[in-house]
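Listed next as structure tokens is one chain, alone, in the form predicted alone.
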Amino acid sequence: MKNVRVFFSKTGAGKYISHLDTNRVMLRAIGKSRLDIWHTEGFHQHAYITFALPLSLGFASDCESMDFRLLDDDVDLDEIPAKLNACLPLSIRVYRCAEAKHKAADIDSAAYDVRIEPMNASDISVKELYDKLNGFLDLSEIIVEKKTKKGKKQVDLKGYILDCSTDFSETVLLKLRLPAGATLNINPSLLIGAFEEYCGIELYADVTRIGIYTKEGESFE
């Protein structure tokens, strides 16, 4: 039995497929592709798959991953992407399959590309929005209300921004790296919401997760 990690992207309409529905889509694709994977034991047996870092609804991603156990050790892992893609919607594409290197507990941060623009183009120019974003990021503190298992609490996001840079052309681009994983997870929506409040106008943000990293700074594989 071989532990396998499948890497895939979710783009376009795929970002509106919830994590639960992504799980269902993948299970159907595995069944249709006739991959022989391990099932749970007991009365209600089912194919067992896990996802390292579930993606927020409405976010696209270039770096999702799914784990399962292959019962046949002789299966060519290079053939699995094509088999699964033949059974998946075009908005979900498997691009690599390999034996798992890291554990989900090794995940420490995630990187995002956030494209921001005003909902109403007459409210503010792209250059003005870019300047406002840089002014916002230069604040000494960025206080937001974060939901936790014990309720809501105020946190200063400034200390959680591990890396960021900005640029602009037709839209404003914020490249961002934030803590992620089981211990601490900072959703970029918190920062976007705080920036929208700072601007005082309604904004649209298109978020794509572009990388997941371990405590050692390695790409999660």
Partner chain sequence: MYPKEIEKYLLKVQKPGRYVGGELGEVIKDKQDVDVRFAFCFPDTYEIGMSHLGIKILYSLFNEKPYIWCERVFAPWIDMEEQMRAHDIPLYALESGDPLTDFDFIGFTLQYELSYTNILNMLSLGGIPVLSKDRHDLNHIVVAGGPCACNPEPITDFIDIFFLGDGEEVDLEVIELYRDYKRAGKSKEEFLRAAAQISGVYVPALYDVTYHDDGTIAAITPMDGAPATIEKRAIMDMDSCYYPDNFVLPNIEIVHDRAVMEIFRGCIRGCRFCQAGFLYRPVREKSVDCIDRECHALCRNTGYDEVSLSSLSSSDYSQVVPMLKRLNAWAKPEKVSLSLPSLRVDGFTDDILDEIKSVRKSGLTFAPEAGSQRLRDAINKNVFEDELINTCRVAFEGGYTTVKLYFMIGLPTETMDDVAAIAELGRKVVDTYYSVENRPKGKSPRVTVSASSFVPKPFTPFQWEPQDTMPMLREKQQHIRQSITTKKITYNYHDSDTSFLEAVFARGDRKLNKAMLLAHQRGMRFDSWGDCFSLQNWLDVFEACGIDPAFYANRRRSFDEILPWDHLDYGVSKEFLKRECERAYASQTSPNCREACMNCGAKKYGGGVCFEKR
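Residue numbers count along the first chain shown, from 1. Keep in mind that this is a model prediction, so the values were computed, not measured.
As for the form predicted in complex with its partner chain, it is not shown, yet the points below apply to it.
Using a 4.5 angstroms heavy atom cutoff to its partner chain in the predicted bound form, all of Asp21, Arg24 and Arg34 count as contacting. Among residues of the shown chain, Leu57 is one whose heavy atoms approach its partner chain to within 4.5 Å in the predicted bound form. Taking the partner from elsewhere, Cys87 is found to have a heavy atom lying within 4.5 Å of its partner chain in the predicted bound form. By the criterion of a heavy atom within 4.5 Å, Ile17 is counted among the residues contacting its partner chain in the predicted bound form. The closest heavy atom approach of Glu79 to its partner chain in the predicted bound form falls outside 4.5 Å. Partner contact region in the predicted bound form: 37 to 45, out of 148 to 156, 37 to 45, 62 to 70, 172 to 180, criterion any non-hydrogen atom within 4.5 Å of its partner chain.
The contact residue chosen from Glu117, Asp131, Asp106, Asp123 relative to its partner chain in the predicted bound form is Glu117, the criterion being a non-hydrogen atom within 4.5 angstroms. Annotation for 195 to 213: interface residues with its partner chain in the predicted bound form are Glu202, Tyr204 [heavy atom within 4.5 Å].
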